[in-house]
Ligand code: SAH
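Just one chain follows, in the form predicted on its own, and it is written as structure tokens.
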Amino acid sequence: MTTGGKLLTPILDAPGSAPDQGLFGLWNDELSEALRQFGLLPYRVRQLETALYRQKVTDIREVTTWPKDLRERVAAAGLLVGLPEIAETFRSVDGTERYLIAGNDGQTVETVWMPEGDGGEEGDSSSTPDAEPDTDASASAKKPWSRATICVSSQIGCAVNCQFCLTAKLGIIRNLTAGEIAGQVAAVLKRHHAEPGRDRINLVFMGMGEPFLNYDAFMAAVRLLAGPMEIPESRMTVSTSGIVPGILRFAQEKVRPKLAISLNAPNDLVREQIMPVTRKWSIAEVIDAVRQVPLRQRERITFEYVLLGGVNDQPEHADEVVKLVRRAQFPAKVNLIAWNPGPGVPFKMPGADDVARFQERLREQGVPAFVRKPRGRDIYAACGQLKKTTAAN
């Protein structure tokens, strides 16, 4: 088993070079600088931003608010939009879709679309009525879903090496750029004709990779999504395995998603066996860092807890989780996830009775606990199953 120390140095960067970035992913001064040779006035840059991030054009010639000669000059200079493209699609019996999304270097990363979500937002501020978007009822009625969640990746592969996760088997290949991270969202929204502000769209940064090991690109993508792409930060959640320096940086951000901690064990002894990152930062150190995050009104920290049959799913484990949450002394909830199986991963699913008993044990002691519904297990789209799989089963 690989220890966390070797793989997690330097703390907030991962090996592998990113491809050349197109215009998608640039914003404000970056976009102006990239087009400096054309002497664009500020309003022309704003028109391009609208075309890139609201209309989601794939070719510079589609920026119809620009004069034709300007479009041709920019295209002739070899400047590409660079919006990631969906290379392959796998559809589950439950309506979930898993995508292999291609980067400019030919590498693919996985993204998941979950119509109606998986219940992960239950019990937090994003599920409250005042967080609803202004909805055009006639437009929504034409869609087969009333809300949806997009699960977004931040890296190709992952360095954290959680033993129950298929992505860990890839190791770390490279970081994604801000454009590749936000581009996953744009590509999926375009496929489903979804419009933020009109449709209820939640984003969870819980796909491939550890977001806080690609911190700068991840946060640049968040600012892009919350800015010109107009997805409220209250609709975003980022999950970390407990990268303490990243959490402390995150606490200083003015624009940020909600925070989820991938806990998965009631104590360090169990957690070290399934999450080697615990050898670098203990549960107590992670919670100390989380206390520095200023929470918004009605916001809760989410503890994600994957239930592994016979490992961490017994009543005594639930009692330990209750004590841990109480000691944390900040508003929190627990999302329970029955482990999703994958080839070569040596764990077993918990029994349905064990899941229900665990949830009830937490709730009867005053800890809000919710069970996330498995989505897309049959196409390897569920939590912990993302591994660039090219077959549906």
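The numbering used is simple: start at 1 and walk along the sequence shown. Computed from a prediction, not measured in an experiment: that's the story for all the values here.
Absent from the display: the form predicted together with S-adenosyl-L-homocysteine (SAH). The rest refers to it.
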{"property": "In the predicted bound form, W339 touching S-adenosyl-L-homocysteine (SAH) (heavy atom, 4.5 Å)", "result": "yes"}
{"property": "Non-hydrogen atom contact E180 with S-adenosyl-L-homocysteine (SAH) in the predicted bound form at 4.5 angstroms", "result": "no"}
{"property": "E304: touches S-adenosyl-L-homocysteine (SAH) in the predicted bound form, heavy atom cutoff 4.5 angstroms", "result": "yes"}
{"property": "Contact test in the predicted bound form: N312 vs S-adenosyl-L-homocysteine (SAH), heavy atoms, 4.5 Å", "result": "no"}
{"property": "Proximity to S-adenosyl-L-homocysteine (SAH) in the predicted bound form, single hit among N214, T96, S262, T278 (heavy atom within 4.5 Å)", "result": "S262"}
{"property": "Option touching S-adenosyl-L-homocysteine (SAH), based on a heavy atom within 4.5 Å in the predicted bound form, out of C165, L224, V188, I201", "result": "C165"}
{"property": "Candidate stretches 287-295, 237-245, 105-113, 67-75 - the one whose heavy atoms come within 4.5 Å of S-adenosyl-L-homocysteine (SAH) in the predicted bound form", "result": "237-245"}
{"property": "Contacts with S-adenosyl-L-homocysteine (SAH) in the predicted bound form, stretch 186-222 (heavy atom within 4.5 Å)", "result": "F205, M206, G207, G209, E210, P211"}
